[in-house]
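Below sits a lone chain in structure tokens, taken as the form predicted on its own.
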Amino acid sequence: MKRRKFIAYSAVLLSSTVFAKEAGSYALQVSVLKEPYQTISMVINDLFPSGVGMPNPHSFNVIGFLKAVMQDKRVPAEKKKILRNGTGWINQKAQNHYIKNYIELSPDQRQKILKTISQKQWGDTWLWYLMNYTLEAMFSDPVYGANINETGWLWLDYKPGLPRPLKVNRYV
């Protein structure tokens, strides 16, 4: 399935999916200057390139959402392990091919690495988790700290169902 088609289908499926936490926003503020978020940020930019009508995925606070996922006790440890280890694996693959880390590669080199790892079980799983959580951040209700300013909804001209969750009664 082509990436654009996947994004379109997933957007529809995930538009009602929300990740929540009892108090405060689910998504957290995070610096993308540190690993593993620096590499993850670059991978997300490469998977969801902005500029073709799509807003920049980071305008949704995707990295903050992923950090919250990594700290969420309800997310299975195996899933967190794959998310955490994937950064090391993709950098190892980049080192093997170009003697550089992923973020140091040219856009063409990064695309080749993404294509290469997508054909591996671990890479396919890691990329799937990244895309899945990125889409969830894009289309969740802003009350959870992602989809800031309803950017994802505005992009697709989506009208959320009512009643929308309130901070005091959102589900966990």
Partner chain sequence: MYDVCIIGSGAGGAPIAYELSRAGKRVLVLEKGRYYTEKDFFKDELAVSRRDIYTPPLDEEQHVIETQNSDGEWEAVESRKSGWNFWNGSMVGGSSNLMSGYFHRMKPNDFKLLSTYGKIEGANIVDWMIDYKELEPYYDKVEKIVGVSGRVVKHPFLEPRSSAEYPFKPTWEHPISSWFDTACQKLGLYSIPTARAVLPSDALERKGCSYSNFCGSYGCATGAKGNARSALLNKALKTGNCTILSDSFVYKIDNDGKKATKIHYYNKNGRSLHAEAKLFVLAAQAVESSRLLLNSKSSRFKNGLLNNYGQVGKNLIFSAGGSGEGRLRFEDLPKEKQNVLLLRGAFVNRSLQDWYEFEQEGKKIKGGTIDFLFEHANPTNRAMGEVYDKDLNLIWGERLQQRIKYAFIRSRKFVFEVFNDWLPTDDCFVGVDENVKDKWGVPVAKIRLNSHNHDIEVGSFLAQKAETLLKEMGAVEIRSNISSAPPPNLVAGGCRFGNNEENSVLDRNCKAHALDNLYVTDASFMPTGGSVPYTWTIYANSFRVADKILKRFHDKEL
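Positions refer to the first chain, counted from 1. All values derive from a computational prediction rather than experimental measurement.
Heads up, the form predicted together with its partner chain isn't pictured, but that's what we're talking about next.
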Practice item. Would you mind picking the one in Q109, N132, S59, S41 that has a heavy atom within 4.5 Å of its partner chain in the predicted complex? Key: N132
Point to revise | Touches its partner chain in the predicted complex: R74 (any heavy atom, 4.5 Å) | key: yes
Review point. Does the 4.5 Å heavy atom contact test between I63 and its partner chain in the predicted complex come out positive?
Key: no
Practice item. Tell me, yes or no, whether M54 is in contact with its partner chain in the predicted complex, where a contact means a heavy atom of each within 4.5 Å. Key: yes
Check your understanding: Any of the heavy atoms of L105 lying within 4.5 Å of its partner chain in the predicted complex?
Key -> no
Check your understanding: Taking heavy atoms and a 4.5 Å limit, what residues of 120-157 are near its partner chain in the predicted complex?
Key -> D124, L127, W128, M131, N132, Y133, L135, E136, F139, S140, Y144, W155, L156, D157
